[in-house]
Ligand SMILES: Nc1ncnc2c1ncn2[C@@H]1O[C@H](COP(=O)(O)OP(=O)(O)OP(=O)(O)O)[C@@H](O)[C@H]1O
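Starting off, we have a lone chain in the form predicted alone, written out as structure tokens.
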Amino acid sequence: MTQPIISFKNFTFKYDSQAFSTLKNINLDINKGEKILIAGPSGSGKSTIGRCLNGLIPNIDTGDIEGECLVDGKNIKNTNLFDLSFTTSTILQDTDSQFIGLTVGEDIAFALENDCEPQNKIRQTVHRWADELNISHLLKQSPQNLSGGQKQIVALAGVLIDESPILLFDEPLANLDPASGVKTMALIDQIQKELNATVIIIEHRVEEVMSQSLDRIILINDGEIVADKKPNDLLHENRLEDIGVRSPLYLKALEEAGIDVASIPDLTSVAALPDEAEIDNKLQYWLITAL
């Protein structure tokens, strides 16, 4: 049986600066190649899980740990930040804080330069990923002068160049409009398939993340896992708003139009909804009366 690439076992964590535990008795296995959404309201503990995966806990954010968290076989209690950096690459919501180089090209190259790779290999790898992500024309520009969507792609290139087995996205849609968010999710999906990477997305904008397929959605509330489901199963249970996470707008429209959501086989996207006259007529009537 294949070992999970990420495993939390009876894991509890309390920051030194806080009186109570942020994570409580977390049990979670994530297999290699899975794409997982971790969702929950603000302060639920979802970002703390991410900090465990990239080594910020316990190396930077210190606190009390009970139980076990293994990342690619490494126990985070016994692994330094440098060693975990080869396993987990993180894309932050504030991309500006992630930029180091004066130009896009320098920024993408930083990780390989830090690893003392030969200059010819660095140049080849930078140009390969720039071509892959369609940002070759940006290599000589300053990262700070780019649009929000361009910054997100450059930040992605800067971590992809290491080809780590785990890609962690901490609220990647925070500074993007909905259209740019959907494009970013399509790009993440493309890269995940090419690298067969394990992708962890921490986000509360569920609808945009679900514009691409997911293996599971993990719901966190008050430091505990309250659901670990396939997206379609979770949407049929209608539990998102119970913990303060907004449901996809198309689901709310269906409910407002008086359509029996439970009877629809696939709720994961608008495109997956059945093309039935009864549904179309009810939606059209609801739109007319709502306006």
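Since the structure is predicted, the reported quantities are computational estimates derived from the model, not experimental observations. Don't overthink the numbering: it's just position in the shown sequence, from 1.
A second form of this protein, the form predicted together with the named molecule, is not displayed here; the remarks below concern that form.
> Of S269, N10, Q18, N281, which residue is found within 4.5 angstroms of the named molecule in the predicted complex when only non-hydrogen atoms are counted?
Replying inline: After the contact test, the surviving option is Q18.
> So in the predicted complex, are G105, E113 and G158 all sitting within 4.5 Å of the named molecule, heavy atoms only?
Replying inline: Per the other structure, none of G105, E113 and G158 touch the named molecule.
> For T48, is any heavy atom within 4.5 Å of the named molecule in the predicted complex, or not?
Replying inline: T48: yes, in contact with the named molecule in the predicted complex.
> Though only this chain appears here, would S44 touch the named molecule in the predicted complex if you measure heavy atom gaps against 4.5 Å?
Replying inline: Contact check for S44: yes, within 4.5 Å of the named molecule in the predicted complex.
> Can D61 be called a contact residue for the named molecule in the predicted complex at 4.5 Å between heavy atoms?
Replying inline: Heavy-atom contact with the named molecule at 4.5 Å: present for D61.
>> How about H204 - does it come within 4.5 Å of the named molecule in the predicted complex, if we only consider non-hydrogen atoms?
In response: Although the named molecule is absent here, H204 would touch it in the predicted complex, with heavy atoms inside 4.5 Å.
> In terms of non-hydrogen atoms within 4.5 angstroms, which of the given stretches 26-34, 229-237, 48-56, 254-262 touches the named molecule in the predicted complex?
Replying inline: Looking at the other structure, the answer is 48-56.
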